[in-house]
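Just one chain follows, in the form predicted alone, and it is written as structure tokens.
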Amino acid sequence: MGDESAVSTLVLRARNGDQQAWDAIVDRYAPLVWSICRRYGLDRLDSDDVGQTVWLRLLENLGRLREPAALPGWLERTTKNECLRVVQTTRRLERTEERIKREPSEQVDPFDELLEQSAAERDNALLREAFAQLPDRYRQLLLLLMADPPVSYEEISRRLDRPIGSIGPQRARSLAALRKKLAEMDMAGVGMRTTGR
């Protein structure tokens, strides 16, 4: 009963904006999330994505948890659902790749290929320009998340001096800002595709 009471207290404090309570929840239950990802055979990148999605979903639903003491069960169900989604998506992609390998290749018009390449180059330039206009904190986080080899959430937390539980929500805000910037540039006519000959 003491453990349920402690969990309820943490959830209630986190609902009220207590960052230490949120960090304590993430520290306490991150091993549960990662162990479920391992059971589903996910690699590190997929596990990080699942973990990020689970914490983001918790942040979105924290106020709706009817029974705060049931948090561990909620986290377990949400993590399993995310793992299944990743596994199913991976399988679909693998089947599609196999089908493409088996199908005879179609003849590609060199002019169409050149147009597609030019459009991709314009899109890349547009993306770089939008990225450069983001606030520094968003750029830093996105650069670390896209690093090759991948940087762990623990390392990102250390480098940016942010709680690990804030990385997922900050990532979502950063990507939303990038999408908004791209939409603004598109509405202004920057980088519009012209595919007519």
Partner chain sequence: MASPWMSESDDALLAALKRALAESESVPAEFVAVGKALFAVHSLEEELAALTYDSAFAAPEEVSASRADTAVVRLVTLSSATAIIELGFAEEEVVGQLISTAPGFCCGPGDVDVKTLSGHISTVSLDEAGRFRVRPMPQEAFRLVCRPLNAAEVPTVWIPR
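Everything numeric in this text was worked out from a predicted model, so none of it was measured. Positions refer to the first chain, counted from 1. Between two forms, the rigid core is the largest collection of C-alphas that superpose within 1.5 Å.
What comes next is about the form predicted in complex with its partner chain, which does not appear here.
Heavy atoms of no residue among Tyr40, Glu76 and Arg162 are located within 4.5 Å of its partner chain in the predicted bound form. Proximity of Arg137 to its partner chain in the predicted bound form falls outside the 4.5 Å heavy atom cutoff.
Remark: Glu67 does not count among the residues lining its partner chain in the predicted bound form, judged by a heavy atom distance of 4.5 Å or less. Using a 4.5 Å cutoff between non-hydrogen atoms, Val33 counts as a contact of its partner chain in the predicted bound form. Taking the partner from the other structure, its partner chain in the predicted bound form has no heavy atom within 4.5 Å of any heavy atom of Val151. Residues of 132-155 lying near its partner chain in the predicted bound form, listed in sequence order, are Leu142, Leu143, Leu145, Met146, Ala147, Asp148, the criterion being any heavy atom within 4.5 Å. Relative to the superposed core, Gln170 shifts its CA atom by 2 Å or more between the shown form and the other one. Put the two forms on the same core and the Cα of Ala70 is off by less than 2 Å between the shown form and the other one. Leu182: CA moves 2 Å or more between the shown form and the other one after rigid-core fitting.
Cα of Pro150 to Cα of Arg77: at least 3 Å longer in the predicted bound form than in the shown structure. In the predicted bound form, the CA atoms of Met146 and Pro31 sit closer together than in the displayed form, by at least 3 angstroms.
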